[in-house]
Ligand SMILES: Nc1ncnc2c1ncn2[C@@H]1O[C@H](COP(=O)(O)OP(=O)(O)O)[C@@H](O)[C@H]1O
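Only one chain is shown below, in structure tokens, and it's the form predicted on its own.
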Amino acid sequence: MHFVRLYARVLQQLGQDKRVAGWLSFANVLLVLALFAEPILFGRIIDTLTRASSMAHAELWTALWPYIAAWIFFGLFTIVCGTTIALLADRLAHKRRHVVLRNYFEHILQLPAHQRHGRHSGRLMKIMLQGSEAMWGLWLGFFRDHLSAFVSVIVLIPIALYMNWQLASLLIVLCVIFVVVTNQVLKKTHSMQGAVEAHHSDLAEHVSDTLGNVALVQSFARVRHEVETLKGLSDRVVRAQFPVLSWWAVVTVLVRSATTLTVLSILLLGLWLFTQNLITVGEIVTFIVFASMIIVRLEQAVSFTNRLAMEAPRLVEFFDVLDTLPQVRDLPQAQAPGRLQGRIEFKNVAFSYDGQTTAVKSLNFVVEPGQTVALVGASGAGKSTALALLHRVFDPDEGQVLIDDQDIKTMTLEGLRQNIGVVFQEALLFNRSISDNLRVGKPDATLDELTQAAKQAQALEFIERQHEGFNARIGERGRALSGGERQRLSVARVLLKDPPILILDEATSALDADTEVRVQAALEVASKNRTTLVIAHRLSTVRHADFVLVFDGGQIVESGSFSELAQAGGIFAKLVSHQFGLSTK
């Protein structure tokens, strides 16, 4: 992405605070004009003093007073204006940094899981933090220093040309040298810095992945290996970064050399012009001060360009994520459906993950409110895909999914998902208190409601054993609890949410027999008076389903009650025979 367009994107992120940014820009212009007034006034004072021998004291003070008064005014103005700019720029940058961070976070949470699979969570977090940090630094530097630097260059040239075109030409040459050198170094280092940032991302991903699997690392005695891997990634970052730093060091040397030669040239040319009566001493002093000012401003401009070049890969990554549109999102006319009854219908539904291999096809079935339906079949048969289509993890390529005779695409995602509760095979829990995890289902739940839901899910007993009860923190992903305890919390969370539709995605498959009995009892409570869809490999858990859908190759190949299918001699009957080790009769 071109640097100008990239920074234009950064400025767009100012959002509703663009008016404040506009006032800051205007204030920077005024500040620059005031700063340039000072060397001009200084030069006038010098010229007046050179004529002092031919003037009376009263006449001298009369001549000097307007310049001194103007200098005092502009000096006070620059102090007040500079302080105001610094204060407002700080507030603007800090405020927008957190707004951008929140917007990115919200955007990531709205992306379907399959659109995040290409980026590790550690990499996404690094992109969020470093991208918002980069914008904060650019906004702060730009409005506090760098904008005035660019404005100074633009304002200086016409003023200098008006005063003396010979000396002004030297300043113009200096500006051209700055631009050419900086542009060449940007071309040299752009791809290098991109490689550096890629190594940084690999490092962040490795650290996050390792910390998330500490138990695995320790149990397989891989601590040294993981540390050595991290060291290798760090060495790669350093090796890639050094050439970039070397090029910017070259810029510093060339710029310093050019500025020294420019000041010397201004002095020598000014002395020659003075001997020709083409310039005054005050004008020579003014141009030397001009040169000093412009050198500082050009160095600030180079510093800004350097920072933008260094941050460019991070910003590109940030905007790449931000520009990723969710494949599943609310249609413009989508409306919240309110509480649904729970009648589900699949009409000729087909879906493919890659556009080539069909995951499910020709799905046609109806589930009436309050019924329990079991989806069985081999792994990869399409069961999970079908239920993912129900709560819009994906949208079907063909056909319709209806709830209460409404196409779910016409519903808002939030409204649809408020009507669906999911208990996953792996209990998904936050590193927060038990009450915080339960209130995911109902944020305003009272303690009595938490207690009732936990009791129904057979979770109250182990919660009360905790020293802090509902306020006990359960660790990352709930690791302070056993598998069965985590799963019962998941059931309690769904009970608290009280949705009309319940999805049980192999909710007991990872549990031992004793724990499974407890969780299964909790699930039976959860499924009462709800439309329930169950994916289960253990057929014993779906004996009481109203009917069973057997999936094979992405299609429903058998449907009926448990007993009917068990005696039909088909795929389901073979599954029953295999699991129970007896005749299906």
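All of these numbers come straight from a predicted model, not from anything done at the bench. Note that residue numbering follows the sequence shown and begins at 1.
Keep in mind the form predicted together with the ligand is missing from the figure; the text below concerns it.
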| property | result |
| --- | --- |
| Residue stretch of 326-334, 395-403, 257-265, 371-379 approaching the ligand in the model of the complex, non-hydrogen atom distance within 4.5 Å | 371-379 |
| is_contact(Arg493, the ligand) in the model of the complex, heavy atom dist at most 4.5 Å | no |
| 4.5 angstroms heavy atom contact with the ligand in the model of the complex for Leu167 | no |
| Contact test in the model of the complex: Leu450 vs the ligand, heavy atoms, 4.5 Å | no |
| Partner proximity in the model of the complex: Thr385 to the ligand, non-hydrogen atom cutoff 4.5 Å | yes |
| In the model of the complex, the residue from Ile284, Ala359, Met128, Ile503 that sits within 4.5 Å of the ligand by heavy atoms | Ala359 |
| Among the candidates Tyr353, Phe242, Trp272, Phe220, the residue which, in the model of the complex, approaches the ligand to within 4.5 Å (heavy atoms) | Tyr353 |
